[in-house]
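A single chain comes next, written as structure tokens; it is the form predicted alone.
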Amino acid sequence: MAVSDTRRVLPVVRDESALPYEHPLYRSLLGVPGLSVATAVLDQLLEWGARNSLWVFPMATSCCGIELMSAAASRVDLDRMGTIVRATPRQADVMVIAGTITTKMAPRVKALWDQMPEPKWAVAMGSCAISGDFYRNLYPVVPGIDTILPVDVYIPGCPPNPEALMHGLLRLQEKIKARTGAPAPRDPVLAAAQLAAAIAVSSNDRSDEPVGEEQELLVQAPDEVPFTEIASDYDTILREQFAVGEFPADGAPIIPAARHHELARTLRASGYRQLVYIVATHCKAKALGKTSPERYEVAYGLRSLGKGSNVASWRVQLEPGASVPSLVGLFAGADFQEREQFDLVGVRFDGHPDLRRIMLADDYEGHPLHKDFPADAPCAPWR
């Protein structure tokens, strides 16, 4: 009876660590007569290099920027197609606008675009970058990035996912390849989707309806929320020191503008150390069908620190052209909040060290949160 040999034969491992890398196809090409030298059109070589090394300059301003960041992660991995993200426009050739562009941001985006070397391309990622979407008719929003720079690829969605961005970059590669006259391959899935969309649009055509006619929007008023009962110590301060006898059930008590700063200083000394909000409102005459004079209201809120903290709120009413004392000397957080209310509503704060616009451009005309300010006011040349 023969005894089987149970010894395992180990494979011979060849150490190639010191050898230079050689592509398997390279040796085969060298073995064919006449293939040791190849020629190509220079434009095609340059196009091949540009198409496979898209360096992105990210212009991420809102939620689409999160999807742009995710596209560089391992699940999608833009690096596989030679796409890397650069932090300077001077070393990038593709600008991806991912998010809303405002009239204050538009000149900065245009300046960065002008600094990018040629050839360069732009990708509008998401509905806001394409058309402004929800904010299209608002005063600070550019209705589409293509109003200030040329766009090569549009990626719809709110927001589009990372795969959609990859798909858009593949379409951009096709466009770059078409520059040399080479026919770009047609994506059958994309072609079928475009055909289905065209059929749906044609079947739902409503050309008989008037175009451009304004429609009245019916907005249902929200239910009234009762004002939170103020702390007893704050109630005592208002009654005994500031002679306030009326405490509205649907709002904060009204304090004369002349004693507003004194109240804030008294509350700060009583333990209200945190400034919660400063909110200004423009009340137009004859509002809600009632005959009332035009005025401004500025609401303030302070909070006491520690366990069981309380909130102290009050309002100041101002006539048109009047001002209210600034609280910057008492609360550092009042700096930006007062500038915002000055910028949007037009309320002036006496004693503010740097009262200028903070959200809109310095040469912006008017205050957009005025009741009589048109929501779609033009802002040349950006909208």
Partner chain sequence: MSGLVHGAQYAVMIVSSLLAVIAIGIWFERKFAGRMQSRLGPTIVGPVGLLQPLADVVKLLQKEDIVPKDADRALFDLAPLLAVLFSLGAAAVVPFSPTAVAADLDIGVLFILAIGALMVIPTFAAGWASNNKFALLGGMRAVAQSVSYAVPLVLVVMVPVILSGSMRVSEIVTFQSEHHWFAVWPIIPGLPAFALFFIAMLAESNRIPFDIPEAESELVAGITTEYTGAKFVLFYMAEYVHTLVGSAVGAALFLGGWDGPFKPGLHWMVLKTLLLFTAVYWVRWTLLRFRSDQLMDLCWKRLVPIAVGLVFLAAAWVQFVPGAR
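Numbering follows the first chain given and starts at 1. Here the rigid core means the biggest group of C-alpha atoms that line up within 1.5 Å when the two forms are laid on top of each other. Quick caveat: nothing in here was measured; it's all calculated off a predicted structure.
Form predicted in complex with its partner chain: not shown, discussed below.
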*Could you work out which of Thr147, Gln241, Ser270, Gln115 is the residue within 4.5 angstroms of its partner chain in the model of the complex, going by heavy atoms?*
Gln115
*Could you tell me if Asp152 has a non-hydrogen atom within 4.5 Å of its partner chain in the model of the complex?*
no
*Heavy atoms within 4.5 Å of its partner chain in the model of the complex: does Ser74 have any?*
yes
*asked:* Taking its partner chain as it sits in the model of the complex, is Val347 in contact with it (heavy atom to heavy atom, 4.5 Å or less)?
replied: no
*Exercise: Pro256 in contact with its partner chain in the model of the complex, heavy atom 4.5 Å*: no
*asked:* So, superposing on the core, is the move of Ser323 at the CA at least 2 angstroms between the shown form and the other one?
replied: no
